[in-house]
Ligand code: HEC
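First comes one chain, alone, set out as structure tokens in the form predicted on its own.
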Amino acid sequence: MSAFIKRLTCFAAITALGANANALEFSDAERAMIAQHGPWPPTLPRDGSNAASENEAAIRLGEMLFFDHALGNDSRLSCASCHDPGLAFSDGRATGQGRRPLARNTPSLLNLKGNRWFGFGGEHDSLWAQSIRPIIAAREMASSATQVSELLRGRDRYRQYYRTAFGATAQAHAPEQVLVNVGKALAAYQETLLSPRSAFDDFRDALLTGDQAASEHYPQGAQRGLKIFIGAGRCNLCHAGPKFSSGEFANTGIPATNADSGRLRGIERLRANPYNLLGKYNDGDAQQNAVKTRQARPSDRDRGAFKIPGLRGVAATSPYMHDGSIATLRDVVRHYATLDAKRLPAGDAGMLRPLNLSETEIDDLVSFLESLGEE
């Protein structure tokens, strides 16, 4: 064999080795767990408690209202003031800022459709009820049913979309019904806010279809982080499914306070809320869609449990945790890696435990989390 052919053969072997060097091996069990985090985007059912769900006129009305400062008491704030589209519909602050400072971090509004609970304590059982709360909350927009009704009755463009969406004019409805319908229109708009596909989604699909060439584009650090996420880290026990959230509540190792006990107080507020699914504004059958609301009862095990957030686009939503107390994604991973088990309730000790990750493993897990969406 000539020297040229030997060099050519060697080059081909090195090239082939490089093409496969980035792909890790995943077991059948690991592939099955990865499969559960898709497909994306998902097919989600409309909200049966909201007759305006997926209604085009309601979506358009909700979008206009979302950016309208007149929805607030003195035209200082709109929904977008705290939920900035440029910040993944969050605000980049540790805790929110309405008319007065708020106690909790402002969550992203992406991927809310199909959720069962809303708010860090699950104070609301529908997206439309959650959308009403900041409008009338004194610390936030401080408006009222009367003011909202006057807004909807006074603008031609709102009158047109309202009548198309709800089958009657705002003048024909009592102020509280107009307020509820505004919440339902806002919810219809927010249901359209979905994270784009991510590098993880491309890798997941390629892995499941056996497309080796496509799967090799996914960074090796992210692959190692994915193995930790579904393996030793057990992160997928809480961050499950296509949205990377079970939709329920868990203790995070951040101490509860008397001012914010999480799900414990959240259930009390849920049951006292006149707009919950047990009330008269539920457009569906409460015997079917309000079962979990009816069964919700506060228990001491709910103290310090907060809503498990979805992780899609998580790199764009710092700072983190319900109180915004952790600044960066790496700090969040380090929090769970070095968790003090003594600070956890006895009932949670089996679920939440220190991950004991090395610095390299922390890097890998952060790389994976960053692959769930653009920063």
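Throughout, we count residues from 1 along the sequence that is shown. None of the values given here were measured: they were computed from a predicted structure.
Missing here is the form predicted in complex with ligand HEC; even so, the following discussion is about that form.
Engineer: Between N73, T164, Q220, Q97, only one gets a heavy atom within 4.5 angstroms of ligand HEC in the predicted complex; which residue is that?
Structural biologist: Spelling it out, the residue with a heavy atom inside the cut-off is Q97.
Engineer: Ligand HEC isn't shown here, but in the predicted complex which of L207, V178, A296, L109 has a heavy atom within 4.5 Å of it?
Structural biologist: Looking at L207, V178, A296, L109 one by one, just L109 meets the 4.5 Å heavy-atom criterion.
Engineer: Residue-level contact is defined here as any heavy atom of the residue lying within 4.5 Å of ligand HEC in the predicted complex; does C235 satisfy this criterion?
Structural biologist: So C235 counts as contacting ligand HEC.
Engineer: Answer for Y281 alone: is it within 4.5 Å of ligand HEC in the predicted complex, judged on heavy atom distances?
Structural biologist: No, no contact at 4.5 Å.
Engineer: Taking 4.5 angstroms as the cut-off for heavy atoms, does N276 touch ligand HEC in the predicted complex?
Structural biologist: No, N276 sits far enough from ligand HEC in the predicted complex that none of its heavy atoms falls within 4.5 Å.
Engineer: Can any non-hydrogen atom of F203 be found within 4.5 angstroms of ligand HEC in the predicted complex?
Structural biologist: No, F203 stays farther than 4.5 Å from ligand HEC in the predicted complex.
Engineer: Does ligand HEC come within 4.5 Å of a heavy atom in each of F66, Q190 and L355 in the predicted complex?
Structural biologist: Answer is yes for this spot.
Engineer: So which of 152-160, 165-173, 126-134, 212-220 is the stretch with heavy atoms within 4.5 Å of ligand HEC in the predicted complex?
Structural biologist: After filtering at 4.5 Å, what remains is 126-134.
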